[in-house]
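Given as C-alpha cells, the chain that follows is alone and in the form predicted on its own.
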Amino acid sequence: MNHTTCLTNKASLLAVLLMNAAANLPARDITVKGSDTMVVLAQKWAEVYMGKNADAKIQVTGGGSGTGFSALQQNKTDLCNASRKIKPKEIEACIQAFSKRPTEYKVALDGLSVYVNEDNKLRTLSLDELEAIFTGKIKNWNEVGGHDAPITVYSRENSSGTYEFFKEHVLKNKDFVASAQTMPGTAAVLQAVAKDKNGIGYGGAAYGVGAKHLAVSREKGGEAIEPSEENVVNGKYPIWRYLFIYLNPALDKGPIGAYLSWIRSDDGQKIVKEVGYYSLPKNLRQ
C-alpha cells in the first residue's frame, strides 16, 4: 500500500469515526425565546414536534419580541420569535455578536385584532378613530357612536412586538395615551377587556376568547374589514402582519434546521391554523 492510499484510508476511517461519535451524542436542546403573541403557537409546535421526535428537546419562553432579540444578540437563545421585523440597530448588535446578519423566517400570518367587551354595541372603527382612541384624543365611547362612558385603554409593555407594530401602523408612531393600562401579554389584555365593559385593547387573532373583535376600515365610512384568513392573506384587512423566527445563520443546520423546516412544512403550518393564526401561502415557505 503506497503512502497516498494509506493517508486516504486513514482520512476515511476518521470521517466514519467522527460520524459515529456525532450520532451517539445526546440531542442538543433547542431554546426559543421572544414574542408573547407567539408563545402559545411556539409551545404547541414544540409539543407536537417532540412527540414525533423522541430525541428533540425544545424549551420555549416568552417575554416579548424585544426580549427575544436581546437574548439572540447575547447568544442566550437559539431561536427568537418576533411579532415584528427586526430593527436596524438589532441587526447591528447581532452582527457584532456573531459576525453575520441573522436569518429571518416568516412562519405565520396574523390579523392584529382590536378587541372590545362583548356588551359594547360597536361593530366597527376606522384606523383614524383607533389612532384617536389609543392616543387619547377620543375619550368617550359616545364620540364614536357608542355608549356614554369613558374609554379604558389596555395596551402591551414596550418590549412587545405587538405594541411596536400597533404604535407604528395604527398610531403613526404617536405615543399611547398616558392612562393606558399596560398588560404583560395578549391574554391579559383580553381578560381585562372581557371584564371591563368600557375597555378596548389589541392583540393577535388567536386570542379572541372572552371579548369580541371589531371590523376595521381604512377611513371613516369606508368598508369595514374582518380579520379573517382570506382578508389577511390577500392584504385586505388593514392591520395584518407576518410572524417571524430569527436565528444565527451558523445554527441553521442539524436539529435546529430540521425543526425550522418542519415548522414551515404542511404539518407545522397546520398547527398555525389550529392555534388561530393563518398559515403561510406555499410560495412564502422557501
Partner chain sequence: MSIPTPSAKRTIGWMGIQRGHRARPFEWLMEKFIFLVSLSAILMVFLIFIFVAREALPIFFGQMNSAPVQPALPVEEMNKLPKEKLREYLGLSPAKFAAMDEETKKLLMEARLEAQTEIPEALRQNKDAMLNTTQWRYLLQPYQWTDYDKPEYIWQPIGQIHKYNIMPLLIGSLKTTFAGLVFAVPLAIAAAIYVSQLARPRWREIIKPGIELLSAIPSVVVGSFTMLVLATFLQKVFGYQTRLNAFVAGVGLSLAVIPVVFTIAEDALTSVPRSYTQAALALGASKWQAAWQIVLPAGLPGVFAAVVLGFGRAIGETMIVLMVCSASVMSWSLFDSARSITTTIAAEMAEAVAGSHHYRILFMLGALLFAVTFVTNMIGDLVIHRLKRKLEGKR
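Numbering follows the first chain given and starts at 1. Source: prediction; values computed, not measured.
This protein has a second form, the form predicted in complex with its partner chain, left out of what is shown; the following refers to that one.
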- Spell out, yes or no, whether the shortest heavy atom distance between H213 and its partner chain in the predicted complex is within 4.5 Å. no
- Consider Y105 of the chain shown here, and say whether it contacts its partner chain in the predicted complex, taking contact as heavy atoms within 4.5 Å. no
- Item | Contact flag, E164 vs its partner chain in the predicted complex, heavy atom cut 4.5 Å | yes
- Task: Considering only heavy atoms, tell me if R101 and its partner chain come within 4.5 Å of each other in the predicted complex.
- Result: yes
- Task: Indicate whether the candidate residues S70, I91 and K137 are all in contact with its partner chain in the predicted complex, with contact defined as any heavy atom within 4.5 Å.
- Result: yes
- Message: Between K174, H147, H169, R123, only one gets a heavy atom within 4.5 angstroms of its partner chain in the predicted complex; which residue is that?
- Response: K174
- Query: I133, M183, A205, L127: which sits within 4.5 Å of its partner chain in the predicted complex by any heavy atom?
  - Reply: M183
